[in-house]
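The form predicted on its own is given below as one chain in structure tokens.
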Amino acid sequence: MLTANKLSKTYGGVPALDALDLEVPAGEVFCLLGPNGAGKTTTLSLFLGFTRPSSGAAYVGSAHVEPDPIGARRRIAYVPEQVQLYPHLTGCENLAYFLGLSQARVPPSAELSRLLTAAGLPEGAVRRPASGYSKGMRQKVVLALSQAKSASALLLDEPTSGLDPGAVRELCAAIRREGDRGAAVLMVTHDLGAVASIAHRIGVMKAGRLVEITSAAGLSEAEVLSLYRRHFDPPGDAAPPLPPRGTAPAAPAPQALS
């Protein structure tokens, strides 16, 4: 559903993204890890058509993003780090507005309310002005938009940043539901706990290149951290390998008292 073929972007001769080959099929949650400047947000921007590639191509389903960015975005729901809603409009009114903007069918008010509560927005907030919404509540409006427009792909950029643990759990559950209904989910994050909770596969980016892709099946947060540190810890300072699952870690060696 999301496909990158040798996708590259250069700024002033410096590659921000270098020949990315990636496929995220329908129903998969794929999480991209890497430090700031690794190329993760550039990848999202190229799929969204916010910037043009220097070479290569991005596709959303059969839609080639560069010649038809608007057509590609009709298939996408995008959750940026900071979701902006119209503060004087209610959750229902924001949802209806953005559906109309994407040329999708705008359902009746009762259906809009159902979509918002199904995405996790409290029932009492559905018809309140969005000026009083928390970050997590604003994100749920966009997740409701994804379901309402039957988006083929959901792109998220650091969605758990600044959320409390309860809000993170609710957001992860909503993202899983989007994958379960068949959306291809591509999430950029530093939240290793969220990765362990929802990812089917993990990609690690470094200096504009995708240096590893691995299955996330059964990985704990500690194992995701170990995967990350393999690529970014200084030589000689890497995390020790984790013991086989089901075994207790060795006791630390005794140290002399000073």
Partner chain sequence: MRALFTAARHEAIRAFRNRTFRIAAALVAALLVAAFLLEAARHTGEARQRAALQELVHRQWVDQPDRHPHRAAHYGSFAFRPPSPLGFFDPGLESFAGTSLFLEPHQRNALSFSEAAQSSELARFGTPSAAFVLQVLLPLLIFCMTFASVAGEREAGTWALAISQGVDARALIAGKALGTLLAVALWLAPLLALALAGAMLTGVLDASGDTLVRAALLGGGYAVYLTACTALGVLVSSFHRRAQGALLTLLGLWVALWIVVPRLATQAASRLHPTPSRAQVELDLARAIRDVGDSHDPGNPHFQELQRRTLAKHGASRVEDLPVNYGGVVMREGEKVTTALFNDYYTRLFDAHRAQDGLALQAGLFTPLLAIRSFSMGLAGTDAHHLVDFEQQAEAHRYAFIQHLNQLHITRIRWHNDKAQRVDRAEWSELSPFEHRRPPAGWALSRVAPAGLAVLAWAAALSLGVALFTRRHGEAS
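Computed from a predicted model, the values in this text were never measured in an experiment. Residue numbers count along the first chain shown, from 1.
Below, we turn to the form predicted in complex with the partner chain, even though it does not appear here.
Of the stretches 162-170, 183-191, 83-91, 111-119, only 83-91 has residues with a heavy atom within 4.5 Å of the partner chain in the predicted bound form. None of the heavy atoms of A125 is located within 4.5 Å of the partner chain in the predicted bound form. Using a 4.5 Å cutoff between non-hydrogen atoms, I76 counts as a contact of the partner chain in the predicted bound form. Using a 4.5 angstroms threshold between heavy atoms, Q103 counts as touching the partner chain in the predicted bound form. When contacts are judged by a 4.5 Å heavy atom cut-off, K149 counts as touching the partner chain in the predicted bound form.
Of the residues L48, I198, L219, L227, just one reaches the partner chain in the predicted bound form with a heavy atom at 4.5 Å or closer; this is L48. Annotation for 121-157: interface residues with the partner chain in the predicted bound form are V142, L145, K149 [heavy atom within 4.5 Å].
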